[in-house]
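Let us start with two forms of the same protein chain, each given on its own as structure tokens and named structure 1 and structure 2.
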Structure 1
Amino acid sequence: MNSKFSRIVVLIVLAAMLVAGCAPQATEVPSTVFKVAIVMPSSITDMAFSQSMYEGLKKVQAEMGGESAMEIAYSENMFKVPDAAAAIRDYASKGYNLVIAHGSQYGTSLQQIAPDFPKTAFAWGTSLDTFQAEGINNVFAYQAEAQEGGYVLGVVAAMMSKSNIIGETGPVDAGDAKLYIEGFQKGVLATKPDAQVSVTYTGSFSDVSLMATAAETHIAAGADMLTGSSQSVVGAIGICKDKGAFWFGTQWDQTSLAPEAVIASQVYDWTGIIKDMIASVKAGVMGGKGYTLTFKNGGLVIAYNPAITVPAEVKAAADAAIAAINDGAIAP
């Protein structure tokens, strides 16, 4: 009995060693490579929120001198928060210098993880809470002022619309989409108070087909200028192309999908924020800063589609709106 028991113990120990032996050894090479990891809720090819950040990182990487200077690891489609939390913790324990939690839903988890890794810097968006009030000093926060670009694009749409009917279509009436859609609406109505703005939601971030039907419905109701938010708008853009309506994009430059239909996009340019965070970390500041993407700091950019001529007075009005937002005269 006793020997049998010990034999089993030996077997278990051996099995455990085998399993542990399989694990890739964590190689903590103190090198000059700056290691960034990002965890995001949708895919790096979503033409929207996640892609804007991923491409931003790629751009900074290229500027810093490629993979020898900066290493990027990513986990996409982490829409389950516990999985995302595990990923964040994992990257931190593997010695990444900066771990980006690119989803507002990750906040509660990050607040629990960050104190365990004081040598790692974290970033959380979209939010403006760095948890400093809770005594945490290694979290950066960032948020896009989506309503600013929404307002400016609304001005452009109002001036270019012939029917004075404008359609907006979003996923769920909350968060970044809500900010953008409300800003756009304000921009339209400030320019043409008699214009009619209709808003639809599809209840899903990924229902491409219903988003397409929403665009169809807006156009049938007379809209000639449309906009919308989330990765599913790609469906709506195609409908605009087919029906001869025009589209305004947000989060990422959506011109490539329909060069004949997309007038302009609000593009999130995270590079400035990324560079500042990297510089801070290198200087020993691990967090505590809250960033916003605005026109003023160059984080928001209106990318016009070169294939569609936007009248000079419209562009001038858009620039005036940007200037007014920058000096506080307009608060979208």
Structure 2
Amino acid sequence: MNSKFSRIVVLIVLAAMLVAGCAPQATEVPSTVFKVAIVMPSSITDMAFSQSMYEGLKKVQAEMGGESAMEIAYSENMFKVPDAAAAIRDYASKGYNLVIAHGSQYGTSLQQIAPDFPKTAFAWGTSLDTFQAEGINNVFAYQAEAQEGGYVLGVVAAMMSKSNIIGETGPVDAGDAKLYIEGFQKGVLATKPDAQVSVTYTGSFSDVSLMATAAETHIAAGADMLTGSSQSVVGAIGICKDKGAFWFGTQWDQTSLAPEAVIASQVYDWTGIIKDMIASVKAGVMGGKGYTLTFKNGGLVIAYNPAITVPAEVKAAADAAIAAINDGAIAP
């Protein structure tokens, strides 16, 4: 009886093993693709504001595992706010998880659109207003503390200038352009109080000819070091190259535009902010956070042009300024 029972047990075990071997193997279910859309005022190759964010998104996408993990859609050259608003609304209606309105001029539109799509997270900059005061809870906001890099580059410009005349040109007296221009001026004057700093605003983010004309005016007045902000700076950089003046960039590394003229650039690294927004949305937090780019959190980086020699003492002064900004000893 015992022998018969043992044979039955063996047969049952063998049958179970056979069934297990024929059963389909368990496969890992791929996670849902996280969909990000971005609306930008200029192109993804503008060497400035739009490119900095687009490149940040591409870097995060690669770190997450590529297109199978993160989808990126974009609308570029959205200078007209109504067109940008239509694109923002369209992306939200198509179910994108995060829609980034990359321009302070899009704030009013976002304030109107976001309440219509409570399951979509939105972000915009440069600003720190998430509209929570208006009862909106699905908007992130971000701002580059551009005055920090502006100050450091102003120190470098002042120490390398031979004429002690500096020219600055911005698009409008607002946003990160204003922060950068004023920070740069403070850095120059803190280093050389007798330096002359001339500031102009063109009134346009996109007019390359106006930026070029402003650069010509600065150089004609004796400026040998120039800087400016917005995607239109390609005009000014071209003038610096032709006239033998030097340039300091911001938002993106602008060295490739004129290796003989660009001394250094402040680069925006948005990757940390992008990662946190994605993680927040996945955790169910759809907005309400304001982010900043600073030297301290790694969001701001100074990129020197290796083709132009910056004296060791100048770089040391720049490093000291960064340390003082991080410690709070300097408030640019």
Partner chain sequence: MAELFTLPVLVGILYSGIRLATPYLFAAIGETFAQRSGVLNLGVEGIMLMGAFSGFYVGMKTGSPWLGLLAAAVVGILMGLLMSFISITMQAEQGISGIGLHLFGLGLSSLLFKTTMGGVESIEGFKAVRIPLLADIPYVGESLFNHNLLVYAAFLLVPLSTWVLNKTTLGLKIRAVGQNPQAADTLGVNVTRVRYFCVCLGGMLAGIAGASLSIALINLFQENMTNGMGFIAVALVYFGGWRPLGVMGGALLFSFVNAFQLWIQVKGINIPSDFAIMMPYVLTILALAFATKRAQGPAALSKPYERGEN
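Definition used throughout: the rigid core is the maximal C-alpha set that superposes within 1.5 Å between two forms. Please note that residue numbering is based on structure 1, beginning with 1 at the start of its sequence. Note that the structure is predicted; figures quoted are calculated from it, not measured.
Shown as structure 1 is the form predicted together with the partner chain, with the alternative form given as structure 2. Once both forms are fitted on their core, the CA shift for Gly222 between structure 1 and structure 2 remains under 2 Å. The Cα position of Ala303 differs by less than 2 Å between structure 1 and structure 2 after fitting on the rigid core.
With the core held fixed, Ser280 shows a CA shift of 2 Å or greater between structure 1 and structure 2. Taking the rigid core as reference, the CA displacement of Pro82 between structure 1 and structure 2 comes to 4.0 Å. When the rigid core is fitted, Ser42 shows a C-alpha shift of 2.5 Å between structure 1 and structure 2.
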